[in-house]
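To begin, one chain is listed below as structure tokens, in the form predicted on its own.
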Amino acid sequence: MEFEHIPVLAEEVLDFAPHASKSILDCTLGGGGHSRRLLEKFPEANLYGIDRDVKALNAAAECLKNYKKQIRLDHASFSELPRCFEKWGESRFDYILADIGLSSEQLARPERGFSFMYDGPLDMRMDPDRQDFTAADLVNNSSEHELLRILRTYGEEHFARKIVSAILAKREEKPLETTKELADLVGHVKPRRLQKPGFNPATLTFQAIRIVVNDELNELGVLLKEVPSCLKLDGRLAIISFHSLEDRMVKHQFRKWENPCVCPTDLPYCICGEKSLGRVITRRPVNASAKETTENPRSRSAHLRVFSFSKKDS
């Protein structure tokens, strides 16, 4: 079966790209959908891209085969970007894009273990070729304290204690091995009257486990740390996130880049010396249109934020 991924907010990603972009970095290639659209708009541009998933990388290479002379793609995570820059001989870009949600492909394949909609192994690794630690390892071997911390911190799950108690009791009988086992367990624990219509009760639990298995928030933190030195003057960073933890990190970092001053508000002028790196283009996150959410329900939770790295308007 061919790799299939529908890029979310594709038109918006194109609209926010700087005019006459010559150098573009796609930090989450997926199937190459966003990158292809960007190269169609900027046919003279050079595009660099990375992905943690080898299948996605191969699919992107096929999708972008008509632009072979203009692309450089690598199997890498955000934390490996410095190595890629050294290899490419390029570290400054007009436009950097990161779509930090799961791909349609990852969710649709039961053997990847990301989705509670299909029965598959409890895996959830974005890079199975280089990651050993799986969701099953986390669920079956973590302590009660650690499981509580994970569900509360990364899932913001109000029923964390009940879910963890059920996991501990279940794994005393036998290890949890499949996505269906875990999803059914959570569904039985959470009171039906408090379950949201159209929202699977296992959503937050799966989210929390996936984040930890793939070290996602730390990886995002590395990306946000690297970006200021990677964009040209008037270059832009566009990030698409799919849950509140990621969106909050992006929003707070954008605000800090725009207004880094830490001086007391009663001082008549700044003495801390912190300088603005630019301005937030999207005061509120950009969401998918009604048409897009109808065609691709996954886009409903997508939030796009864009930052322009230039001197702040006076």
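The structure presented is a predicted model; accordingly, all values stated were derived computationally and were not measured. Note that residue numbering follows the sequence shown and begins at 1.
Keep in mind the form predicted together with a small molecule is missing from the figure; the text below concerns it.
- Only one of the listed residues (185, 107, 148, 76) places a non-hydrogen atom within 4.5 angstroms of the small molecule in the model of the complex, and that residue is 76.
- Comment: the small molecule is not present in this chain, but in the model of the complex one of 101, 120, 201, 128 has a heavy atom within 4.5 Å of it, namely 101.
- Residue contact with the small molecule in the model of the complex: residue 47 places no heavy atom within 4.5 Å of it.
- Looking at residue 27, you'd find a heavy atom of it within 4.5 angstroms of the small molecule in the model of the complex.
- Under a 4.5 angstroms non-hydrogen atom cutoff, the small molecule in the model of the complex has residue 219 among its neighbouring residues.
- Among heavy atoms of residue 56, some come within 4.5 Å of the small molecule in the model of the complex.
- Note that among 47 to 55, 262 to 270, 278 to 286, 249 to 257, the stretch whose heavy atoms approach the small molecule to within 4.5 Å in the model of the complex is 47 to 55.
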